[in-house]
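Form predicted on its own, single chain, as structure tokens, below.
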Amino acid sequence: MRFSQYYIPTLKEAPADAEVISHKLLVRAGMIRKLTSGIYTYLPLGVRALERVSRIVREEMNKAGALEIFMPTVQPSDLWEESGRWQKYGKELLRFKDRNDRDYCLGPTHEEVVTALLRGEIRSYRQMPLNVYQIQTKFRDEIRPRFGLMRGREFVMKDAYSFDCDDAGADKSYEIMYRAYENIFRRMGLKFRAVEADSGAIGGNFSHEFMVLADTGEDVIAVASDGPYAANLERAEAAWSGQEAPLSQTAYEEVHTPDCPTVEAVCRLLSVPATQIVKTMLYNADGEIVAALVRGDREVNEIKLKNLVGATELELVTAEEIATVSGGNIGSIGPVGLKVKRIFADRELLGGNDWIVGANKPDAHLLHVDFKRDAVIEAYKDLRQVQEGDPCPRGGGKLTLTRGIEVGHVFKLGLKYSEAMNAKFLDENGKEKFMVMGCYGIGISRVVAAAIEQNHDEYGIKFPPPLAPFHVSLLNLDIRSEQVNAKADEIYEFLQAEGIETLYDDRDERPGVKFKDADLIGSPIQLVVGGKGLERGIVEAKDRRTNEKIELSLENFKRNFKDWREQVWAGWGL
């Protein structure tokens, strides 16, 4: 493709609202343009990048036995009422009415639609296992769209759904998709990690996220220093020795703690470590106030607490609610005498019997508290967020916290949707059973952004070869020279004949402009044809990943280029 005949509106500066590097570079490289908040138009280079991702995903899904379908974006409310998600999904579900006053939504996902489809098609166990997928535009009305394609409202997604006769079959389907995802991201040339994850609004009983590792990722991952364990921060298990402390023989006592709204302030006043203090956090869980206790140097993992109490919505209580159930203020809440029916404690608190807690009155704390004796705890569970250096819960050394970007998610749904929507089949004995389901998503447009977050420098994008809109940027530095034009055209024709997709910069622009645009767009290879080089019998070649330059002799150029290109691809692990 000749640059002069293509539409690549590159920019010197990023828009003011671009927060992350992928957003800045996608706009500057002429790949996307903002239409409105969280919604973007894909320009020709952006479309090519999407197609690269989609092609790899489609090939691996087909290889894994999944069958491509295409479902409507607009979904009727009655399906979501059947599944119970019409109200539970929240405001991210964009609802609207048609001219006949019927309720619809724009699909953020398609569990309801695919279940309704196949409950009317699958009659017998002989028709399963079945896995269907689509690559389609989704819409989620994010409360605060940000980061360009990383968290937009409209996005391109691959979603697949498996249907099996039993749990054993569903486990096999899950494993097939898990391996297919590993193949997909490996083929893309991305550094990634599969991590245990929470199922969230989709539901189900087991899931993994596939994370592209990047320092700028918004997700935190806990990884074992010596073992395979990896989980996102929401799911990561906190290790505990399992040894309970004996009952304390010392009665608790109240002390005056003026001007101590924080753990740090209490530590200073009483000259104690934060590990001796217990924080009592109050949450509104679907209208009911619950309490969660963690050590003073820990933080409550709200996803773990939400799952434990079975809540749809969980948020910190207001100051007024604190006064109602505690009688104290935000710094003096404690479990002793707290007017809350459900109190949960992190399980590591079983290992102590001499805690300092709020006294449920202003400026007061209690010393020597033993929860088994002095408070009513409903359950001791893993409720805290893991921290850097914590022991791995599965014998893999210490936990290291790193960052990543979620680009794929696989779920075991079980019977969640088939039971709710009455999706049954007849087994080999003629007995009706519910289909066992799984679902598997990949953010196609998010992969493009994540690849850039992982692969860039101060000059622009460094696309992995499988995802690059063009594999080679061929720069003609002097279009007024017949000799340079002839050689550049010759090289372009050779690359085309070899099936190497090439962006041929034949514009009447200064060399500096062409170099900057080539770096910005991020083709893995740059070839530079200029008068001085031709005089010396060479073409300058640049590996965009390393920015290393070499000179390829024009004599036997075709063989020289092929050998060097293999080295460049090998540098990406391809």
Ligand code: ATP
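Numbers for residues come from their place in the sequence shown, where the first is 1. Predicted, not measured: the structure shown is a model, and the values here were computed from it.
Not pictured, yet referred to below: the form predicted in complex with this ligand.
- With this ligand omitted here, the record of contacts in the model of the complex names 148 to 156 of 148 to 156, 323 to 331, 468 to 476, 362 to 370, defined by a heavy atom within 4.5 Å.
- Residue contact check for Gly460: none of its heavy atoms lie within 4.5 Å of this ligand in the model of the complex.
- Using a 4.5 angstroms limit between non-hydrogen atoms, Val407 touches this ligand in the model of the complex.
- For Glu299, no non-hydrogen atom is located within 4.5 Å of this ligand in the model of the complex, even though that partner is not displayed.
- Although the partner is absent here, Gly441 is a contact residue: one of its heavy atoms lies within 4.5 angstroms of this ligand in the model of the complex.
- Residue-level contacts in the model of the complex: of Asp390, Glu142, Glu82, Asp354, one residue has a heavy atom within 4.5 Å of this ligand, and it is Glu142.
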